[in-house]
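Take a look at this single chain in structure tokens; it is the form predicted alone.
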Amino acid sequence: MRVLGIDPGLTRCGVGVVDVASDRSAKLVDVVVLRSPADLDTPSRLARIADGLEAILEEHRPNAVALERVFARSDVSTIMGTAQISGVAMLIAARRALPVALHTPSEVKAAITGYGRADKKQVGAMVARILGLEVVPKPADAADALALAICHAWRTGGAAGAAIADASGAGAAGRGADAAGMTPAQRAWLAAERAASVSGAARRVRE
């Protein structure tokens, strides 16, 4: 089962892709933090993040998308940005007929560490351990996105996960060719984002 996890944010949006087997073992496929400059207007920032999500979905063709559920915080501007990016992500997934699941931070922490009040350091350490990485993916948005993907796969595994994987299995062999179908602008944009922000752990895994 291939899951794309998204830790939504307007300034930084963590995106992680993992493959999870029926025995719950997980493998890192990709991780990146999409960014939008604060000096752009909101529509332009949303479009920038949307372009990145589209490119990643086109390249990796996940079976499902997992998002952090928006919850009340004291910073209204943070809530707005998170909600806006969540809406963009859900729209993009819906247009691809991908199932979308929302998980609260406590659900993710409990699934990954066994403790619903674990801190970011503990979550990051467990993500690295689960994926067999030498170092914790950074920044925290990257580790959180991977944690969301792993959490979703584990919570919906078994028959449900197998059914989703089987439904899209026929297209798995064509993922490489599909990625080549991205526009030159999408490929250049995504390459620049990765060069600037993909964690060292992810680079070593891909190499």
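Residue numbers run from 1 along the displayed sequence. Here the structure is a predicted model, which is why all the values come from computation and not from measurement.
In what follows, reference is made to the form predicted together with another copy of the chain, a form of this protein that is not presented.
Pick from 56-64, 38-46, 22-30, 141-149: which stretch has non-hydrogen atoms within 4.5 Å of another copy of the chain in the predicted bound form? Flagged stretch: 38-46.
Is it the case that I79, A83 and A94 all touch another copy of the chain in the predicted bound form, with a non-hydrogen atom of each within 4.5 angstroms? Checked in the predicted bound form: all three residues contact another copy of the chain.
Any non-hydrogen atom of A110 within 4.5 angstroms of another copy of the chain in the predicted bound form: No - in the predicted bound form, heavy atoms of A110 and another copy of the chain never come within 4.5 Å of each other.
Do V100 and another copy of the chain come within 4.5 Å of each other in the predicted bound form, heavy atoms counted? Yes, V100 sits close enough to another copy of the chain in the predicted bound form that at least one of its heavy atoms falls within 4.5 Å.
Using a 4.5 angstroms cut-off on non-hydrogen atoms, would G87 count as touching another copy of the chain in the predicted bound form? Yes.
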